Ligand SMILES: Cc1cc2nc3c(=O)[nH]c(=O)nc-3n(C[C@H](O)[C@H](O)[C@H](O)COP(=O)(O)OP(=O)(O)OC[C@H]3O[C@@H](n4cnc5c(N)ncnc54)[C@H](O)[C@@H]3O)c2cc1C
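Shown below, as structure tokens, is a lone chain in the form predicted on its own; questions about how it binds or moves come after it.
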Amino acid sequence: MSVLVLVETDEGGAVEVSRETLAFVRGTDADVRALVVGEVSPELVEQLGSYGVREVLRADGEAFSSYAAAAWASAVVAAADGVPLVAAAGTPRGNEVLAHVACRLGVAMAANVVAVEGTDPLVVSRQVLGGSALEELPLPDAVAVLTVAGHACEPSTADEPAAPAVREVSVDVPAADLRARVVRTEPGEPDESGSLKSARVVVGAGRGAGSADGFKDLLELTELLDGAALGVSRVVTSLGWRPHHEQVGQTGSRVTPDLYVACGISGAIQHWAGMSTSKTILAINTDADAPMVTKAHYAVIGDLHEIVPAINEELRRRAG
């Protein structure tokens, strides 16, 4: 089975979630092709080959000088000719572009997929209700369109790297596809706690932090846990204690780290929707009956301002 994967890139090549998607579809014993919108460097081709990509399709030109979801969808449709499965990472961009693709092809789209099985029809399991449940459904259309949930699998390279050929895709982009496009980008607020969505460890903080000055120990914990990031509940950003880009939840970022340390967070459903797919959840809370405590894999009952400093001290001791 041939699979076309829309690959998102940055200065470092294919972004992590796109590499995860390549590893995910490779697990279906598929012949993997990658579509890249924009420049394709020899280093990127080699990187994609290490993930088992057999062919790299490139869509470039003035129409793709800035992001336009409809134009990208035109590129995907052109590259997907004869391909029974089209996939992308479940990022805002991946979900938006593939929604356009599914509409143009007249087929269903499954978002946030975590597992697939079978081929006739393809049956997928996907996250629903903010990740608090899984839905299993078939994709019986001639072309299956899906996005893969972040961290649904490890971004592992192939056992046998490929040497992909590079082919230009001819795309006719009508003016209508460029009506909505990015015309300017501006740097966001600096993220002192690292990249929240890609972090393997997230230290979550809620109202229990107490005030804007109550994050010193929590920020130190993120530094001691190498590669960790700080995430906060909605009430924390509403009170102005921390910036919005750190918010985890239904109206913030959705994270799927290996470890989520929930400090002073009650566990309202809106917050739970943003982190419930974490592989391991540790709750630190004074309320033994808090929803976060009852749902967590492990819990420590007590004041985070006493427990977190003790954890930090032990981590420093073990680090020498």
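For clarity, a rigid core is taken as the largest C-alpha set superposing within 1.5 Å between two forms. These numbers come from a predicted model, not from an experiment. Residue indices: 1-based, along the sequence shown.
There is also a form predicted together with the named molecule; it is not shown, and the following applies to it.
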| query | finding |
| --- | --- |
| Heavy atom distance at most 4.5 Å to the named molecule in the model of the complex, all of R19, N112 and G150 | no |
| The named molecule contact in the model of the complex: V202, any heavy atom under 4.5 Å | no |
| Residue contact check: S278 to the named molecule in the model of the complex, 4.5 Å heavy atom | no |
| The named molecule contact in the model of the complex: V235, any heavy atom under 4.5 Å | yes |
| Contact of S266 with the named molecule in the model of the complex (heavy atom, 4.5 Å) | yes |
| Interface stretch in the model of the complex with the named molecule - options 285 to 293, 32 to 40, 65 to 73, 52 to 60, non-hydrogen atom within 4.5 Å | 285 to 293 |
| Partner-contacting position among P243, P155, P164, G208 - heavy atom within 4.5 Å of the named molecule in the model of the complex | G208 |
| Contact residue in the model of the complex, from S125, T91, S198, Q250 (heavy atom within 4.5 Å of the named molecule) | Q250 |
| Residues in 297 to 313 with any heavy atom within 4.5 Å of the named molecule in the model of the complex | G302, D303, L304, H305 |
| Core fit, then R254 C-alpha moves 2 Å or more between this form and the one not shown | yes |
| V293 C-alpha relocation of at least 2 Å between this form and the one not shown, rigid core basis | yes |
| After fitting the core, M275 CA displacement of 2 Å or more between this form and the one not shown | yes |
